[in-house]
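One chain comes next, on its own, written out as structure tokens in the form predicted alone.
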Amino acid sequence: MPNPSTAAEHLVIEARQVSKHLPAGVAELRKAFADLSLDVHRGHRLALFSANAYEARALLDCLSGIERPDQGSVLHHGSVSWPVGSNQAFHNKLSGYMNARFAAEIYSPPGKVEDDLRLIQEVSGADDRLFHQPLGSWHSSMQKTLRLAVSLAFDFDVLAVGKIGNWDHRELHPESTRIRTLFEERIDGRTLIMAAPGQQKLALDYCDMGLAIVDGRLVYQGDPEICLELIKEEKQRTKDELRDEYNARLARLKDNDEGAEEYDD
């Protein structure tokens, strides 16, 4: 049995009875998750699965600290990244270099700003001319790659991963390989938390633990493959319910039409 004090030392995130609701229209809210408690330890590689993508992403936002839960508490025992792939505060009128430098001035260790800027430029694939052009003039795919390069340029105890676009981690293309190499360096010996919706292959390839959230509740914690199957079953159940509801509504309308015709006769 592990020593409790040793386990506590390895705890990097602890969430206690957290709940979160998100806007769903004018004066309306929808539940993302409720009364959820979770311990994340150093070295965990955790994938968050949910039938509705906003549930997993809302939980990731709260665990990473960019959003506060409506109820409960989230404590960090180490540095936690912002969700990789999320919309960082990049300014289109500033050059790629200046946007990257702004992040490096905050997150780079003393004396490493220039090294990290060179790394960002290399991973982004931007040449010197483009790197110093306003970000708004970049092709959208290059903008996404730069944002991803900035997200992965710095060391954190916990790497949080939102929805990563513009990267197929299984490709052998040099750009994909550069990003994959950096990504694997950032999670080596550290903790990884990933929102799985929309990137299940990435989650299954890199995570060895999973959480399945259904209707805002944690229904399973364990094998990521089982989490994925549970979510697929939930999606199919919801689809079947919607189909049955639709067919029942059509049947009622048909009965009403037939009744109106008999009345007219």
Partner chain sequence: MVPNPLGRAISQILLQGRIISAVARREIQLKAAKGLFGVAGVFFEPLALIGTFLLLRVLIRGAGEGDYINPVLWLASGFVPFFMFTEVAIKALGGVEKGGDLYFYRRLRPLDSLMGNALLSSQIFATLMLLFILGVSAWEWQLAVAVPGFAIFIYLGFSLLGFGVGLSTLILGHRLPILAWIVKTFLRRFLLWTSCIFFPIRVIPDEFRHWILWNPLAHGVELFRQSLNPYYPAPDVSALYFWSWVVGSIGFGLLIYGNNEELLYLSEQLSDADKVIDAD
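In this text, all values refer to a predicted model and were calculated from it rather than measured experimentally. Residue numbers count along the first chain shown, from 1.
As for the form predicted in complex with its partner chain, it is not shown, yet the points below apply to it.
Participant: Would you check whether its partner chain, in the predicted bound form, lies within 4.5 angstroms of a non-hydrogen atom from each of G125, H169 and V219?
Facilitator: No, none of G125, H169 and V219 comes within 4.5 Å of its partner chain in the predicted bound form.
Participant: Tell me, which of L119, I179, A103, V158 has a heavy atom within 4.5 angstroms of its partner chain in the predicted bound form?
Facilitator: Contact check passes for A103.
Participant: Which of these residues, H139, K93, H132, H173, gets a heavy atom within 4.5 Å of its partner chain in the predicted bound form?
Facilitator: Only one listed residue qualifies here, and that residue is K93.
Participant: Quick one: which of 199-207, 63-71, 35-43, 224-232 gets within 4.5 Å of its partner chain in the predicted bound form, going by heavy atoms?
Facilitator: Selected range: 63-71.
Participant: Should Q143 be classed as touching its partner chain in the predicted bound form when contacts are defined as heavy atoms within 4.5 Å?
Facilitator: Contact with its partner chain, no.
Participant: Going by a heavy atom distance of 4.5 Å, is H76 a contact of its partner chain in the predicted bound form?
Facilitator: Yes - in the predicted bound form, heavy atoms of H76 and its partner chain come within 4.5 Å of each other.
Participant: Residue-level contact is defined here as any heavy atom of the residue lying within 4.5 Å of its partner chain in the predicted bound form; does D240 satisfy this criterion?
Facilitator: No, D240 stays farther than 4.5 Å from its partner chain in the predicted bound form.
Participant: Applying a 4.5 Å heavy atom distance criterion, does P109 contact its partner chain in the predicted bound form?
Facilitator: Yes, P109 sits close enough to its partner chain in the predicted bound form that at least one of its heavy atoms falls within 4.5 Å.
Participant: In sequence order, which positions of 19-38 have a non-hydrogen atom within 4.5 Å of its partner chain in the predicted bound form?
Facilitator: Residues within 4.5 Å: H21, A24, A27, E28, L29, R30, K31.
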